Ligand code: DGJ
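Shown next as structure tokens: one chain only, the form predicted alone.
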């Protein structure tokens, strides 16, 4: 009997160890973020991954019939992933009673079409409102309090100052993540989650309910003040300036520490227009930060609320999780005309202090100054992921720039099922980036990759690698001031050796020079080609008319890759 007991004990230990090892293998193998050099990579199926993506319209994935023709269209258009919404109201129609049928069906269809999946958790907030909360939450406004604007005016927007609101959201999200792990942790179709959507206050700069006013007029939480004090030398400029202007206090009310909020009696419009604003006021509003204490106050409560939701989800299945921001922009330049307190660059520190479990702060990037805004969202080491943006030729050019210059983790035009067409500019660009992915993954974070984005307002730009300077220009003939010119161009450059480069892009000419003025740069070998499973397959070898008699490179229509070797002479 003793021998049998020992054998049984050993057997149980072995089974337990095996199960533990399997669990650890699954956890280690799931999608995750990983530092490499000076950047962050998204690792999927053990390899660096860029989500060449599209976001479905809000409610597309609620109908399997609606999605039937969409799935093959996305796959045929060179997407490798898709963003789809999940509604809290749909999965928990009655409190504590969950229905994940649609979630499982969407995961299965994405998998069948060889697409990875990123879910949006449409729960407490969507576009600064609360339209996706369940009916049982909507109806019980005493238990689940709303946010107030102006003078005691409640709107259909859950306040982030309520633990009851937060806990109900977190419980539902945890149940969702538990289900996703159960049905998908082996296949790993779901690779990321966006938690909420464009959170923040619309129609006012902050919550003005009695409990919010009490918190606003009380002390700034010590946790936030400790963070600001510890990071005082590296704060974003907007926060650093506001804090310094008010005496760099380490305690006090929100207005004592960060300055004045919105003046009493000012009613926030949906948009701040010209008129009644003057054009000068509109221009100033784009680069200043009025009512900053209100925005910081709301950012803290949104960040801490969403962080608890994220923690609950990650406790079940810890894949990367991010939040997104409706951007400050023309006609939406006061907090409240864009969602006040959302994860924008001017309050990054507040979100980092209040939301340490949130992996990425993301822009919904429709602004024309794409390059500038993309740069802002890499502040403080924040990885760039763009969950909403435009498509077409401009979208494709923006993608090339974001990949080459900012190591973007994902790029996702909105309403993709209505915009994408097989063979269009975005589809061609996705194909080019897919070919380059092994090379991109190898060079991310090593300062051997970069990009340019050319427009009518920025028709030429230089970029340097090693001993060489690449001069890019929208003109077809860079030596002729009257040459015909493209409206848009983008190119990414990958330096594989000091004299070898792969260049992918469209719409520009490229000339070269040597950094050392005593030498000149020349084109050695120029060849078109494609990558297949990471291997370069040469196409035409170019010289003569196709290289301006050896004086320049050309990236014409389409999204092509060329291999170039260079030499120096004098």
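Values in this document were obtained by computation on a predicted structure and should not be read as measured data. Numbering follows the first chain given and starts at 1.
The form predicted in complex with this ligand is left out here; the points below concern that form.
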property: Close approach of residue 127 to this ligand in the model of the complex, 4.5 Å, heavy atom; result: yes
property: Exercise: residue 514 in contact with this ligand in the model of the complex, heavy atom 4.5 Å; result: no
property: Exercise: residue 435 in contact with this ligand in the model of the complex, heavy atom 4.5 Å; result: no
property: Touches this ligand in the model of the complex: residue 405 (any heavy atom, 4.5 Å); result: no
property: Region of this chain that lies against this ligand in the model of the complex, out of 109-117, 179-187, 81-89, 195-203 [heavy atom, 4.5 Å]; result: 195-203
property: Option touching this ligand, based on a heavy atom within 4.5 Å in the model of the complex, out of 216, 71, 227, 414; result: 414
property: This ligand: the contacting residue among 359, 388, 207, 169 in the model of the complex [heavy atom, 4.5 Å]; result: 388
property: Interface residues of 49-64 toward this ligand, as seen in the model of the complex [heavy atoms, 4.5 Å]; result: 55, 58
